[in-house]
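Take a look at this single chain, the form predicted alone, given in structure tokens.
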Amino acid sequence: MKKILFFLLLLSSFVHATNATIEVIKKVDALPTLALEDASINYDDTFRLQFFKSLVADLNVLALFNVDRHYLKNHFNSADVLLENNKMDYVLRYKLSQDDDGSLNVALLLLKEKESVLSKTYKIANKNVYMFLSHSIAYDINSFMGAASVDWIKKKVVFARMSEAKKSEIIIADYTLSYQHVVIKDGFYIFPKWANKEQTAIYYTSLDNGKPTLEHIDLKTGKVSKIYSSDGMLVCSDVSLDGKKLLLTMAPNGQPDIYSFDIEQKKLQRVTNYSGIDVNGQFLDNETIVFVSNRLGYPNIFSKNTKTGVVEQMVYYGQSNSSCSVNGEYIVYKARESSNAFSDNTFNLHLISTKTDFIRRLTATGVNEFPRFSRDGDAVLFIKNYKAQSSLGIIRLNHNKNFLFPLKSGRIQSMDW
């Protein structure tokens, strides 16, 4: 177990709430103003305020509006907006109501110059998952405004939360951490990974029996299946788009390397064979992977063509680069920005293009790690640890804005989106 924990710490060094706080990296142009008017019935003020805060957070993350944070009430069929909102470019009026069976209904009007430009209704069986309804509203408003797709806003996040020494939980959440559902607990489970794009199953590493074991859980049936076991360490770092192949970091003989595992054929194939450290493999395309290695004497990002065997250095900025995610020609990675033996160091995320010399810093303070691109490349989700607090952060790449959603208790060990 000591050897296993050593490699996990080594890997971590490589890859090291509902109210969102905003960390602006670059000043943006003025945005149209938007205010909300609550016309709800059947629900108490506590729930109405929860829904309001969730909707404000989602609308802020869209980065399309300057959203007013004042909570105001109006009648749904009122012929006029509230006096406070007369100068707003847009007013979003909504009504929460409850069916006899307990279902939550939402009627929505988007007003521009006091005229309705969008009308929608929504329904969800359980009010406790109201945040997903809020995400859907934001998604539809984004589409109405003609902005780039934000499919990711409705996706779930899976993460491992450390609760105590050698104890953790695998949790499914929305990106704001408003919703959290514990899938597995009462054990030592780390590095969860979605098994498919439908998000119906998860891979994770179990350390309960002393030997790292990759396990699979079907979220519909709850069935847990053993996939593979290995001495040293065993982590699933990426799943192919079709869900048929995994990239694993394994160290059966002491040194970690990247392996490919075919799910259907149950076939394991070694991809890297280096005397040092190769970890955190990511699929770049059908023939190429990107991974972290200490081939230069410090962690850096490399690629390898699995057919030709050619290895290429991908990053030339930073002296301790790790924890990467890939989308098309772009790579986002974690880099150490300071070297202080007597206090916490800063680890920031950077974005590069594989086709140009383009490089961009995405974060500014704290320890920022485990970046994950959305499938469309529009956003990056990451873990931020700062001043003893663990948060999920989301970066809107085309809007130069970061949003943080803190975890109320525990520490996020790793996550996938």
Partner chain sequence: MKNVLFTSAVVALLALSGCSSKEPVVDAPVDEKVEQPVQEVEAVKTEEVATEDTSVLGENAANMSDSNEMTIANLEKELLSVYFDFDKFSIREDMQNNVANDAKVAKGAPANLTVKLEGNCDEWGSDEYNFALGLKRANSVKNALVAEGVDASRITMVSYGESNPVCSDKTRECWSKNRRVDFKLLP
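Keep in mind the model is a prediction, meaning the values are calculated, not measured. Numbering follows the first chain given and starts at 1.
Missing here is the form predicted in complex with the partner chain; even so, the following discussion is about that form.
In the predicted bound form, which of 111 to 119, 214 to 222, 128 to 136, 277 to 285 comes within 4.5 Å of the partner chain (heavy atoms)? Result for this chain: 277 to 285.
Do D140 and the partner chain come within 4.5 Å of each other in the predicted bound form, heavy atoms counted? D140 lies outside the contact set for the partner chain.
Are any of the heavy atoms in F51 no more than 4.5 Å from a heavy atom of the partner chain in the predicted bound form? So F51 does not count as contacting the partner chain.
Does any heavy atom of F373 come within 4.5 Å of a heavy atom of the partner chain in the predicted bound form? It does not: once the partner chain is placed as it appears in the predicted bound form, F373 has no heavy atom within 4.5 Å of it.
Is the gap between G318 and the partner chain in the predicted bound form 4.5 Å or less for some heavy atom pair? Outside the cut-off, so no.
Each of K156, Y175 and S391 having a non-hydrogen atom within 4.5 Å of the partner chain in the predicted bound form: is that the case here? Heavy-atom distance to the partner chain in the predicted bound form: none of the three under 4.5 Å.
Using a 4.5 Å cut-off on heavy atoms, what residues in 248 to 268 are near the partner chain in the predicted bound form? If the 4.5 Å heavy-atom criterion is applied to the partner chain in the predicted bound form, 248 to 268 yields T249, A251, N253, G254, Q255, P256.
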